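To begin, one chain is listed below as structure tokens, in the form predicted on its own.
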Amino acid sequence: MPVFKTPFNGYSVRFSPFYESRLAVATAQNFGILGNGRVHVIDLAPTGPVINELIAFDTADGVYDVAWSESHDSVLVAAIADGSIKVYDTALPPQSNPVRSLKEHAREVHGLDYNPTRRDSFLSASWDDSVKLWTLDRPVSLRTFREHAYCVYSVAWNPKHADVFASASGDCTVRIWDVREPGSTMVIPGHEHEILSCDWNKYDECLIATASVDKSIKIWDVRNYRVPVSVLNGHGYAVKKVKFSPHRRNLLVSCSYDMTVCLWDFMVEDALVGRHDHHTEFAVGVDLSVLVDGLMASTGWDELVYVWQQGMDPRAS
């Protein structure tokens, strides 16, 4: 399957919700510690295992995450290490981009998520311990959510409820929020170590997955979150990202500082159903295509982006 080489270290990869062959990749120089960044928009060639770069956008600081607009097929937002969010339009040349820069966070922006149901707004998670709600037609955020006691690494909209989202933090909790309420509606003390990622199940709006520095992934039912529905052990180091499948209720994918990408079925006893060790550095970004069942992508600090079909070897050409 095709591989794309990035000049900098990969941080995040996202499939377009409009074009089945298009992805965006967030990268940062020097492992994101200091230096420039670049957003790559890439296309899978219709013939053969080739990835072509459509356009790239350079930044003065590292890029930690990207999210595609759910309403404009050429627009994406990027989370920047200087605390800003850059808005890019692939229909315009690089010199006309970014079309907007939103700067409110006091520290690095680490996570983004576009609202898949309302499609007009997105969330940003920052190391300044806050989450912000934005729309592209306003230069300032609509609202700031401040309850976490440490960095917020990840945010995820609920796929069924347009006003509900979750945030994962280094304070070892996941908080559930409703934008119509003044504060968070639920606090899940999910792990004893930092929580780096969270994602909602796409078929059961009450199920949420959390991924932690403690090397585990836990599945929670928000109707009764005292005990997790499932605990998935198998990674050797911190789990950086977790994503539920858009096509199969019980399937989720994760990537880890142990350099692997794992597939899980959380409803069976032997939950680990696939492990890929194609990366040679920390595997930090993973995604599943909404448009093509089983199509997956990952990126890592080895400066590579892999795209492959579930059941295949990512390295197979």
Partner chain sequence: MATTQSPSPPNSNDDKPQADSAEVVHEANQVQQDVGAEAAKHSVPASVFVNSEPMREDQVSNAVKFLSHPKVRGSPVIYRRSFLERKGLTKEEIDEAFRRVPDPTPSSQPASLNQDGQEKSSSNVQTQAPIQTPQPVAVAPAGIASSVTVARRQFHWNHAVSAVGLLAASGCGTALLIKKVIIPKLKLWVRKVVLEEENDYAKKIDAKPSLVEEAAAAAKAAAAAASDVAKASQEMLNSKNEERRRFEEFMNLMDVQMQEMKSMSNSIRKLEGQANSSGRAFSDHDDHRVSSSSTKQSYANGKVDVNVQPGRSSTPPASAEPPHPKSYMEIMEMIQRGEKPSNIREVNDMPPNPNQQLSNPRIAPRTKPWEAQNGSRHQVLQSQTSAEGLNQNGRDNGLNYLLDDESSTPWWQRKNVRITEIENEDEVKATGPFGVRTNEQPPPLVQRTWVPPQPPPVAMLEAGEAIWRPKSAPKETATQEQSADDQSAAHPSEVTDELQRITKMSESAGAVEMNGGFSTGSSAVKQEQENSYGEN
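Positions refer to the first chain, counted from 1. Note that this is a predicted model, so its numbers are computed, not measured.
The same protein also has a form predicted in complex with its partner chain, omitted here; what follows describes it.
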Contact flag, E147 vs its partner chain in the predicted complex, heavy atom cut 4.5 Å: yes
Non-hydrogen atom contact A297 with its partner chain in the predicted complex at 4.5 angstroms: no
Partner proximity in the predicted complex: K218 to its partner chain, non-hydrogen atom cutoff 4.5 Å: no
Partner contact for D89 in the predicted complex: its partner chain, 4.5 angstroms, heavy atom: yes
In the predicted complex, the residue from V273, V268, A56, L34 that sits within 4.5 Å of its partner chain by heavy atoms: L34
Within 4.5 Å of its partner chain in the predicted complex: residues from 69-83 (heavy atom criterion): E70, S71, H72, D73, S74, V75
